[in-house]
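A single chain comes next, written as structure tokens; it is the form predicted alone.
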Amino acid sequence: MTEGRLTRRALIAGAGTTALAAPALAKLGGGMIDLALPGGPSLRPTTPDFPGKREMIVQRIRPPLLEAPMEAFREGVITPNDRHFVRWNWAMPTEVKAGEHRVAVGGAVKKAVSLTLDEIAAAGEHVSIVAVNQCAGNGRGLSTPRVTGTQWGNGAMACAKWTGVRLRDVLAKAGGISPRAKRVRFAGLDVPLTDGAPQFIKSLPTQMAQSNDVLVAWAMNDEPLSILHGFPLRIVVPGWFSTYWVKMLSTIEVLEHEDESHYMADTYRWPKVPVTPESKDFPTAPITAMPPRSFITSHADGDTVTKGTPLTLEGLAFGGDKGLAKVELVGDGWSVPCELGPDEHGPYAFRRWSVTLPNVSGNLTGIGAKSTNANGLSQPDALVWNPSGYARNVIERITLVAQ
């Protein structure tokens, strides 16, 4: 869908949410939550003390890694901004002045340009897309055996309405790209915490970068991006993991060669072949599109239900880079089709589902939701293990106790 023109006032209004004072971050004035991680410590602090956030699970303070509690996904399909997860690889500025911000567009283009926010906004049609934003490591902490990296539960995901202009229209401001272009690369204002560490840079294949759905966005859920979510601009790549959704966008570079930068060539990659914890020297490929996932949100593992009565289960699901085709409730050797909620927001969004079991005769052991997308890709019964814990989409199972 299209939106009205971005106003300079709206962008500058976003700059008012830039305070990330160290005392507030250090206070951690909330409680604790047990993420039930099988391979190591599970307790994490929670706090409402990050700007613009309700109670969030704190995986790290500087730079911030904040996870949403699963209760945030119990209603609706749009995740409120104050419950949207936060993931930064490196330290970001605590203040960005909208009037001074520029985006450099260069490399294999006809004419390198440095664009103001007004010029970005005037580059083309304003477009809104509802899409799931999910960390490639979402659910990593549930891997068995344990893997290295942030030990996320399943709350490093969110679904929002993103508004901006198409990336291809911004590239057109530089007179277009070379016919030999292979990739379009992005960098933001975040900087490494140690000398010599690689800058966080990501790139997309040229065809993907010029698609209808890849945006340079300034708003989420009809509000200017906050500083935690990449004010004033970020890349939005619906259907792909959030590692490509570069925040605080400052540079766009068109490449006529493959991208050998660290975060493309050395990390955010997974095996091309099945591996075990003992595997070595296997070929890898970049993590790109998300697979389908689904979750029971109405009940948690270990909840009690009433024996001898009907039981309604509810949850959410998404198809990854394709629309959702179906969701099933599965147990040990059985499955029941679920009713999907309305497809209100397009193929990249969360959808609600529900199912009613006519009679609870005993404990419901190891039940889970299994989603299948429009390409026929379904969630696997068993974890497809990889050494970075990327792209988890195994069926997430719980047990309900009948009393």
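Residues carry their position along the shown sequence, with the first being 1. Source: prediction; values computed, not measured.
The same protein has a further form, the form predicted together with a small molecule, not shown here; the description that follows concerns it.
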*Determine which one of 301 to 309, 271 to 279, 188 to 196, 102 to 110 lies within 4.5 Å of the small molecule in the predicted bound form, judging by heavy atom distances; exactly one does.*
188 to 196
*asked:* Is it the case in the predicted bound form that 85, 90 and 247 each bring at least one heavy atom within 4.5 Å of the small molecule?
replied: yes
_I'd like to know whether residue 330 contacts the small molecule in the predicted bound form, with contact meaning heavy atoms within 4.5 angstroms._
no
_Even though the partner isn't displayed, in the predicted bound form is residue 242 close enough to the small molecule, meaning a heavy atom within 4.5 Å?_
yes
*asked:* Even though the partner isn't displayed, in the predicted bound form is residue 200 close enough to the small molecule, meaning a heavy atom within 4.5 Å?
replied: yes
*Consider residue 234 of the chain shown here, and say whether it contacts the small molecule in the predicted bound form, taking contact as heavy atoms within 4.5 Å.*
yes
*Taking the small molecule in the predicted bound form as the reference, which of 133, 163, 143, 294 has a non-hydrogen atom within 4.5 Å?*
133
*Check each of 324, 228, 167, 254 and return the one that places a heavy atom within 4.5 angstroms of the small molecule in the predicted bound form.*
228
